[in-house]
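Given next, in structure tokens, is a single chain: the form predicted on its own.
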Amino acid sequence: MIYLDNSATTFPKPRSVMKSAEQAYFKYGANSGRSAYDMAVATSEQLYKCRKKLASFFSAPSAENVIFTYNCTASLNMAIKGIARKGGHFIISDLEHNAVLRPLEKLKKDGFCDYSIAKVESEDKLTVQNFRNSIRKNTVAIICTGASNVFGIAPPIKELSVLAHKYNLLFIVDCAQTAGVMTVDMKNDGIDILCCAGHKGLYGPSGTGLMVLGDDVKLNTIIEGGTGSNSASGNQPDTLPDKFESGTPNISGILGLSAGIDFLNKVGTENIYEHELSIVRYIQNKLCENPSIVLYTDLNNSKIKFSPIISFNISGKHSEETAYLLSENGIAVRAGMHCAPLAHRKMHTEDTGTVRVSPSYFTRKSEIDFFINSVNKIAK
């Protein structure tokens, strides 16, 4: 199989990730933070090592500010609902995933708070102006994707953080498509809450996610329970990370994620980005030669920064039909709405969806040539 759906989940994983995750069943099988016997202590130490790696990787204030969750959706729900207040208002981009849109829509329908959608333009200053025009007296936060999971468009994160902080707003970034693929630096980028998945660009196992908090971020809990700390009290602990980590963590997943970070540090995020971007640019340059193929973004547009994703359609075919025909040739791509209706409405592809191609560090040029030939045959 030629796997080109890495924006959903990276595959294959580095062998080191698989070996590290396996250690949970042989060496670190105890419950972390609950007991003082050797294996429990050793397990806790391994989880803390992973926190330290992640804090360094994202330039977070401390290891304790790294909160383990089960996916990026859980992280975003914790962030959004943790800062939501009665009568409050959020601003999001018109590229957001349902992991951002649906929690806010639920809060709006419940009459708890409201949100506005700001348009991402081809010029950064216009995008920032659109967000600025959406700010109200009751706005509490700006939420923005690091890059669209459908079209790869990367909004101006640093400029939006400056805007948010000028108006004393929290700045939350959905880094599901950028973490591990593009440089993400909480300090430099001015990110107050970073949310991402472990199973995508970080090359960790499924069932892993992160919510990383900046300094002095006040966040309410939406899940309470056992943490192994202050157990005599009926109140949830205030200390990090315990405050947001009730219940038994995904130890195997976190151990694998730790190895994923080691892999990224060894290879280098910039090298991964350049490799993947060169692949999608090659695809674009080849597919644009076929008049039956519709491409939705120009990766050579110097005014826009892109993550290494490309979306297309074949004239006269629904995206899911194209994806099915490709799968018969052993090629795995994603088609449809990609859980991102806002992005499809923006690009006028809500009726057909798009075929999305997202390579990884392990994608080879020979695989891409086979993919391009297959698409051209379908498009005849």
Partner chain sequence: MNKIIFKFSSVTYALKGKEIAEGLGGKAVVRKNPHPSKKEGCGYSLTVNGNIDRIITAFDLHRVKYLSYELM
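What you see is a predicted model, and the numbers here were worked out from it, not measured in a lab. Positions refer to the first chain, counted from 1.
The form predicted together with the partner chain is left out here; the points below concern that form.
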item: Options 226-234, 285-293, 76-84, 247-255; stretch whose heavy atom lies within 4.5 Å of the partner chain in the predicted complex; value: 226-234
item: 4.5 Å heavy atom contact, residue 35 to the partner chain in the predicted complex; value: yes
item: The partner chain contact at residue 51 in the predicted complex, heavy atom, 4.5 Å; value: yes
item: Partner contact for residue 336 in the predicted complex: the partner chain, 4.5 angstroms, heavy atom; value: no
item: The partner chain contact at residue 133 in the predicted complex, heavy atom, 4.5 Å; value: no
item: Residues 45, 61 and 242 all lining the partner chain in the predicted complex, heavy atom within 4.5 Å; value: yes
item: Residue among 215, 298, 123, 274 with a heavy atom within 4.5 Å of the partner chain in the predicted complex; value: 215
item: Interface residue in the predicted complex among 332, 55, 347, 41, criterion: non-hydrogen atom within 4.5 angstroms of the partner chain; value: 41
